[in-house]
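The chain that follows stands alone, in the form predicted on its own, written as structure tokens.
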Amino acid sequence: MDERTALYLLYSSEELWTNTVSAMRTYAGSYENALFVPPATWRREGILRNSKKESAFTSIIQNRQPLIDKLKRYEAMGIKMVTHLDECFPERLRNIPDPPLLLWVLGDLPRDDIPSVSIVGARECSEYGTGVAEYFAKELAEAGVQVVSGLAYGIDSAAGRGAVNAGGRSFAILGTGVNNCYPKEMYPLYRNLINGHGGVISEFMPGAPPLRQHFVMRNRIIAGFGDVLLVIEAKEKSGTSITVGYALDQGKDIFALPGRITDPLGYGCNRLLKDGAIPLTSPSDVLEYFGIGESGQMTLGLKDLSSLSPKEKIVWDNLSVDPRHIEDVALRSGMPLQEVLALLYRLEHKAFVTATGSAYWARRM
């Protein structure tokens, strides 16, 4: 048995996680040797400190061959196991606090020699937040920057879509096994990532379920893969703040999108800015940080309106990136409600506006 396989066996139980497995290797001299140390010795040394850990270790020893057979099946499915013993293990993760010892990959890993940003934010974000996340990811991906996020609703998946739609590379860090797309509604994005547009990555065994603690743990890897962290819409106390904490512990710079002081989705970002985060006002802020390209003006929301009729232009002028009720749009436009509705449908067909809910409309970015 080689060291990689021995590490896989020890890492196959979440009861024996990074710190425990590392301690076992230090004591035994290798992962392979650790498999032959009696449970009583581990207990005496204080490494297997409770019955759950001891039972997990015993189960690994008893089920060694079935576990090895599982590994072969994973490889046949195209799932790659990458360990910290391998040369291809991501350099960005080697020296973070509590680094993963093993990763599972479908698709590719981010390249070490290409700039990388992690983009995070609220699951229940606004249309504006979704548009900004897609736009920033698109612009950065087109400039050759890798985009890293989760596969969650809201900002995470918007960032992934933006990068993929630009033909760039995006990577999702999962709180499940890599063969388990969660949430299932993200399968189109998941499929794009594993089929040439990046990859999906997890430290959890293939088939692992979406447990709450998994998502907290994976946040340190999201932060670790990015050279910087971009925060787009976040409540003051949220899962995003956990990722920010990891990024700060890793010595990363934080960019935060300024939010309205009356909007709870802006509280988290505004707090970060107050505490010294870098204001995120344009993709060029990040590109300049990496020394890519020249400073340019943000083009978010600027569209060529020459194809619009005069009445379509009036309706457009009275919309915003924030959703407005159709009655408000009609009042502002000075036109009958039914006429405004017809104009909105025409603008939607031309990809200038989007319906955001019951009778609410907003500009598309």
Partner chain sequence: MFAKIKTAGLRGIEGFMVEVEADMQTGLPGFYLTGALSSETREAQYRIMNAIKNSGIRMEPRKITVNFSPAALRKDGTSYDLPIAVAVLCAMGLADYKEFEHTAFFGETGLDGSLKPVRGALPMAFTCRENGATRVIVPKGNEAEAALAEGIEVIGCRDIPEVLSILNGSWSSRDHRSICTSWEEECDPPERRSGVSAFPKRTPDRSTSEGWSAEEAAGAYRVDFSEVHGQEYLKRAAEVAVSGGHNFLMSGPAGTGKSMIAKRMPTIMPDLGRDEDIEISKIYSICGLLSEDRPLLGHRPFRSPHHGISEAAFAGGGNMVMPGEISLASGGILFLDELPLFQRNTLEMLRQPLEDKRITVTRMKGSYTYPADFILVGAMNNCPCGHFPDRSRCHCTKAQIRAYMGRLSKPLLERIDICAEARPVGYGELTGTVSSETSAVIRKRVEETRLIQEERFSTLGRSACNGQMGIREVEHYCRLGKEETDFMREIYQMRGLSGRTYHKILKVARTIADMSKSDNIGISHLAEAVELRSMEDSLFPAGASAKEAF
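Positions refer to the first chain, counted from 1. Given the structure is predicted, the values throughout are model-derived calculations rather than measurements. For clarity, a rigid core is taken as the largest C-alpha set superposing within 1.5 Å between two forms.
This next part talks about the form predicted together with the partner chain, which is not shown.
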{"property": "Option touching the partner chain, based on a heavy atom within 4.5 Å in the model of the complex, out of 337, 314, 56, 321", "result": "337"}
{"property": "Sole residue of 252, 80, 123, 84 within 4.5 Å of the partner chain in the model of the complex, by heavy atom", "result": "123"}
{"property": "Heavy atom contact within 4.5 Å of the partner chain in the model of the complex, the stretch among 253-261, 282-290, 136-144, 179-187", "result": "179-187"}
{"property": "Contact at 60, 72 and 215 by the partner chain in the model of the complex, all three, heavy atom at most 4.5 Å", "result": "no"}
{"property": "Contact flag, residue 32 vs the partner chain in the model of the complex, heavy atom cut 4.5 Å", "result": "no"}
{"property": "Heavy atom of residue 28 within 4.5 Å of the partner chain in the model of the complex", "result": "no"}
{"property": "Contact label in the model of the complex: residue 14 to the partner chain, heavy atom within 4.5 Å", "result": "no"}
{"property": "Close approach of residue 267 to the partner chain in the model of the complex, 4.5 Å, heavy atom", "result": "no"}
{"property": "Residues within 4.5 Å of the partner chain in the model of the complex, restricted to 143-161 and counted by heavy atom", "result": "153"}
{"property": "Large Cα move at residue 28 between this form and the one not shown, threshold 2 Å, rigid core", "result": "no"}
{"property": "Core-superposed C-alpha of residue 322 shifting 2 Å or more between this form and the one not shown", "result": "yes"}
{"property": "Core-aligned C-alpha movement of residue 356 between this form and the one not shown reaching 2 Å", "result": "yes"}
